[in-house]
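Shown here is one chain on its own, the form predicted alone, set out as C-alpha cells.
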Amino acid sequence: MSDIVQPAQATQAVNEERRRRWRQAAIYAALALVTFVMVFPILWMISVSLKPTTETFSLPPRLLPETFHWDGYAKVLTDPKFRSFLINSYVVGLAVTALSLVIGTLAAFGFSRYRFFGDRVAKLFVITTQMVPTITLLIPYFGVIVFLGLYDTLWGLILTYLTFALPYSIVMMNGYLDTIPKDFDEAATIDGCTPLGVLVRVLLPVALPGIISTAVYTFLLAWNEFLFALALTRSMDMRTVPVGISMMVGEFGLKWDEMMAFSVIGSLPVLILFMLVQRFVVGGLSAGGVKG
C-alpha cells in the first residue's frame, strides 16, 4: 500500500512544482510586458532625439538611428530661450517644494499632536480640496492672480502650485507623524524642548522618509504642470518646460529632434531625483498612508 502512495505523492509534488513554475513564468511575462509598455516610449523619445526629422517617419521604423544626430541637443542647449524655460521650472519647483514642506509640516504637526475645536472639520476640508478637478479652478485662479498683480510672474505660478501641493503635504506629513510615538515628544519636553524644538530636533529627523516623499511629489507637480503655466504666463521669459515643449509645435510643422531632445533634457532632473531618493519615497508613502 505504501508503495502505491509514494509514487502518487511524488506525482502530486511534481505537478505542484510544475504549476508553481508556470505561475512564476506568467508573472514574469506580465511584468516584462508592463515594463516594455512603460519603457518603450522613453526609448523612442531618446531615439527620435538622435535622428534627423526626415528619418523619424521612415519605414520600417528603426529604434537605433543610422547615424547619431546631435543637432537637436546642440540647438536646445545653446538657445537662451530653452535655458530660460529650464531655469523657470527649477525656480518654481524648488520654491513650491520648500514652501509646501515648511507650511505643510507645521500644519501636520498641529493636527497630529494637538486637539482643538474644529480639528476634524479642518482635516476633512484639507482632504476635500484634493477632490476638486483643477480644470474647474482655472478661471477663478486667473482672476485672483490678475487681481493680485501676479499675472505673468513666477510668483503667480508658485502661489498657484502651492495651493495644489499644500493639502497633499499636510495629509502625508500628518499620516507620517501619527506613526511616531508621542513618547518622543514627552521625553524631549522633559529635557526642556519647546514644541517647535520637539518638531525640529526630534520628529523631523525621524520623519525624513516622509519629508523626502512629500518633497518629490510637490516637485514633480510643479515641474510637470502645464495648464496653469500656460494660462498664467504670457511672455517667453516666464514660460516653463512643459509650455516650452508645446510651443515647439509650429504652424506648418515641427522639428522632432529638437522637441524630443528638449523632452529628454526636461525629464532628466525628475529621473535623477527619483533614482536618488527611491527607497525613501517608498518608505514614506507606505508609512504616511497607514495610521497606527
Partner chain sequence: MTTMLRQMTTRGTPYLFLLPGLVILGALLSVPLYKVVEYSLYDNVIVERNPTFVGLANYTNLMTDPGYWSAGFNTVVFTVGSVLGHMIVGIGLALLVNADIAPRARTFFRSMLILPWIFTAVVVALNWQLLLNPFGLINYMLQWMGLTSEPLDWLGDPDLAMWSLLLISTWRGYPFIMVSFLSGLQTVPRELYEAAEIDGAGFWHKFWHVTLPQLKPVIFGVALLDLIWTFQLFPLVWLSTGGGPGRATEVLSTLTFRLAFVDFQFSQAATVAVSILIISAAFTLLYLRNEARRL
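All of these numbers come straight from a predicted model, not from anything done at the bench. Positions refer to the first chain, counted from 1.
Not pictured, yet referred to below: the form predicted in complex with the partner chain.
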{"item": "In the predicted bound form, the one of L154, A107, A95, L86 near the partner chain [non-hydrogen atom within 4.5 angstroms]", "value": "A107"}
{"item": "In the predicted bound form, the residue from L177, L101, L162, I212 that sits within 4.5 Å of the partner chain by heavy atoms", "value": "L162"}
{"item": "Any non-hydrogen atom of T136 within 4.5 angstroms of the partner chain in the predicted bound form", "value": "yes"}
{"item": "Residue contact check: L220 to the partner chain in the predicted bound form, 4.5 Å heavy atom", "value": "yes"}
{"item": "4.5 Å heavy atom contact, F68 and the partner chain in the predicted bound form", "value": "no"}
{"item": "is_contact(V91, the partner chain) in the predicted bound form, heavy atom dist at most 4.5 Å", "value": "no"}
{"item": "Heavy atom contacts to the partner chain in the predicted bound form at 4.5 Å, residues of 28-42 in sequence order", "value": "Y28, A30, L31, A32, V34, T35, M38, V39, F40, P41, I42"}
